[in-house]
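In the form predicted alone, a lone chain appears below as structure tokens.
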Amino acid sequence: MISDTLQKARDFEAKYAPRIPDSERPAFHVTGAIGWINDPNGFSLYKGEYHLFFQYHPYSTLWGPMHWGHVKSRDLLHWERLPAALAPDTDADPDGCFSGSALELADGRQFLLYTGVRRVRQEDGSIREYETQCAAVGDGVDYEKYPGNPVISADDLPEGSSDRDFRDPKIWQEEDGTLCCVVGSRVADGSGAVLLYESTDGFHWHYTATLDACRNQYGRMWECPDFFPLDGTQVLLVSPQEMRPEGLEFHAGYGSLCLLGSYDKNARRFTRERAQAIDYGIDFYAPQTMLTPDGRRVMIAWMQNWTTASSQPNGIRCFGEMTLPRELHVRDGRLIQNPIRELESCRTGRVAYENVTVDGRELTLPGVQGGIIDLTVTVCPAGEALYRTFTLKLAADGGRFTSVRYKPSENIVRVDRSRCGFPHDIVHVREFCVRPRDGELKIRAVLDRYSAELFFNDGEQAATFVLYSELNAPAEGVSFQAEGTAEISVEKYDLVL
């Protein structure tokens, strides 16, 4: 049965979303029908189709009472918009349906596990928020919330854990049929942890183990956990709040953290061995993964940042988008990520150049431009002398551009979007280290009107940035420049979906 609250949201999006022209949206990145979106939810396969839900407030481009928006796809690129799936409309979630996940049950229903939020006024007049985990089942469009919600409550927390910071369940099914989920929590020392729960039916859960804890090392609360095996390594993804900077690996604020290690499934014990940032850009948070039918681990994330999300251009009617889905691997002890291979089927109009000399003059190449493109540039020294810097400019038009500068003597990449059209002077620059390769660097840039997703050295690092260069007029210029002399090879495709 569809509640009045959910029907109101569906009616609103059906009435007003069609009024937003395609030019105000990216060409192939997921956006909400209208209003605000943040974290991806329920990224999963159901009856042979990929489903993606997301945190959604249809009534404005600001965060508000959280609903779940919904899209589906057969190829992870062409998305069909479906009606809003959940709204805050029961005693277990009156103030928000926060993030969660999904899977297909043995009986053919789609199962959603999400965080329900209740805000309760205390005796002193303050408002206290309680978070529990709730369930709903449905047919891929309409969902009925479990009448016994919540299915995981404060009673199921280990001693010392907070029921105020207890959210974002990620569910999967083991080979023996056991359902498992990880949930982010804040524990007695005030910092984040990832809790493991198990169930036989999805409606009755018990706490099993604490897989890992922050111990105030990597931020504070750990949101949106994900846990999976990959290429012989166990991977734990979390999104920490209040990160402290650590060299050029981690930046202050909201972060994305990949913990690599091993997992003793019988003992329910994860052993952390290495830590790295997931994405080195500004606009990446709350990643969630799924396993495709052909065995690929694919990740998608919110292409935005809580610190900068209030810097919105005037007049926009939908805010927030998802990253491209990315294929994940572990190689040489690092998480590797690249755009899904399906993107290659959308390439057209190949333009290529080999061994082009670049020096102090800003160089453009015929046919190498565009706002919806897949561009690969490989730069290396021209002869024995090492160039001092190499700069790639993207989405350029006069004073508007985003620059990617590489300094090979220090192996540092600096991305600067400060002239890409943002209305406010907020964080616009990121620097990070790449692996030394004797001055050679491979850059793949996927542009889609309002974003640049950058992949370095075949996915050893990724860096994601929202851009507003094209908001009022096309900004399609691409140029190359070096201090000293470098040599580049370029391959560029237009992307047509």
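For every residue, the number given is its place in the sequence shown, counted from 1. Model, not experiment: these values are computed from the prediction.
This next part talks about the form predicted in complex with ligand FRU, which is not shown.
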Stretch in contact, per heavy atom within 4.5 angstroms of ligand FRU in the predicted bound form, of 464 to 472, 435 to 443, 33 to 41, 451 to 459: 33 to 41
Ligand FRU contact at residue 326 in the predicted bound form, heavy atom, 4.5 Å: no
Partner proximity in the predicted bound form: residue 285 to ligand FRU, non-hydrogen atom cutoff 4.5 Å: yes
Heavy atom of residue 98 within 4.5 Å of ligand FRU in the predicted bound form: yes
Residue 447, heavy atom within 4.5 angstroms of ligand FRU in the predicted bound form: no
Residue among 374, 226, 223, 321 with a heavy atom within 4.5 Å of ligand FRU in the predicted bound form: 223
Listed residue that, although ligand FRU is not shown, lies within 4.5 Å of it in the predicted bound form (heavy atoms), from 186, 400, 251, 167: 167
Residues from 302 to 324 in contact with ligand FRU (non-hydrogen atom within 4.5 Å) in the predicted bound form: 306
